[in-house]
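Given as structure tokens, the chain that follows is alone and in the form predicted alone.
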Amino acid sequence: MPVMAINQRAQAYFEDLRDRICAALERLDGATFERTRWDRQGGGGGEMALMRGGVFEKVGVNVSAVRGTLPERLRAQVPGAGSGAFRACGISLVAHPRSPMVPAVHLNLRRIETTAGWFGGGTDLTPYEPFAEDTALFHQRLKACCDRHDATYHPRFSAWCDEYFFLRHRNEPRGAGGIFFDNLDSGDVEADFAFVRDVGETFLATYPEIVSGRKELPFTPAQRDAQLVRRGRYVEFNLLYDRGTTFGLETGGNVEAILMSLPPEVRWP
């Protein structure tokens, strides 16, 4: 199958997944996503979907499909990017619930093409009140997803997540982990795409279930304060270490969409 066909199919899947995730979160919240289209100077663009409601203080689900030329300083970091030409599409989600009983979550899935082509992405959970059964469900579903495709995926991608989402300056993890992978090019692009779709479907089947079970629980002012302090760790990671943030900003992406991941209210002690 030609590379361009995979890129187009991936973009279509990411847009469809966005629509179904937004619908699921709207049912949980009762609010509605506002969608804003944006164009990228140099090629492509995307759409930012943002909801501020009763359950979710802020949740954004972005899709983009961009193309163009990478800056010189990025080319050595991207496989096959010697000429600078690239094409990328993806979906990115970050949810910041109002209640500290409900965990925050991140999802990203992407297809990138230079003279090479690969998939990347992952999802991780950030609980504020650690319900062990929720974290266990999240990890169990991701392991089952990985095991359907390759028995080596879960141990590799879970460890990669723990290593990647780590605040080195504080010597602590950002959250409770999940999976993270990049440069996924097994030689069978259809198998790789099937895995990426399975990650998306697993997320959709799991996170709304966790939210549904926790969103009505009462919480104290002290628990809310602790949530806001913990959110500061999220901000620190995304601004200091997140490669997607850097890539988006340095390739001329939409600033508001890129910084959508930042919570609306945060506190440092």
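Start at 1 with the first residue shown and count on from there. Being a predicted model, the structure only gives us computed values, none of them experimental.
Below, we turn to the form predicted in complex with a further copy of the same chain, even though it does not appear here.
- Comment: 229 to 237 is the region of 197 to 205, 64 to 72, 229 to 237, 37 to 45 lying near a further copy of the same chain in the predicted bound form, near meaning a non-hydrogen atom within 4.5 Å.
- Interface residue remark: R52 is counted as part of the site for a further copy of the same chain in the predicted bound form, having a heavy atom within 4.5 Å.
- Contact annotation: H169 falls within 4.5 Å of a further copy of the same chain in the predicted bound form, judged by heavy atom distances.
- The closest heavy atom approach of I6 to a further copy of the same chain in the predicted bound form falls outside 4.5 Å.
- Taking the partner from the other structure, a further copy of the same chain in the predicted bound form has no heavy atom within 4.5 Å of any heavy atom of A23.
- Residues of 63 to 85 that come within 4.5 Å of a further copy of the same chain in the predicted bound form, judged by any heavy atom, do not exist; none qualify.
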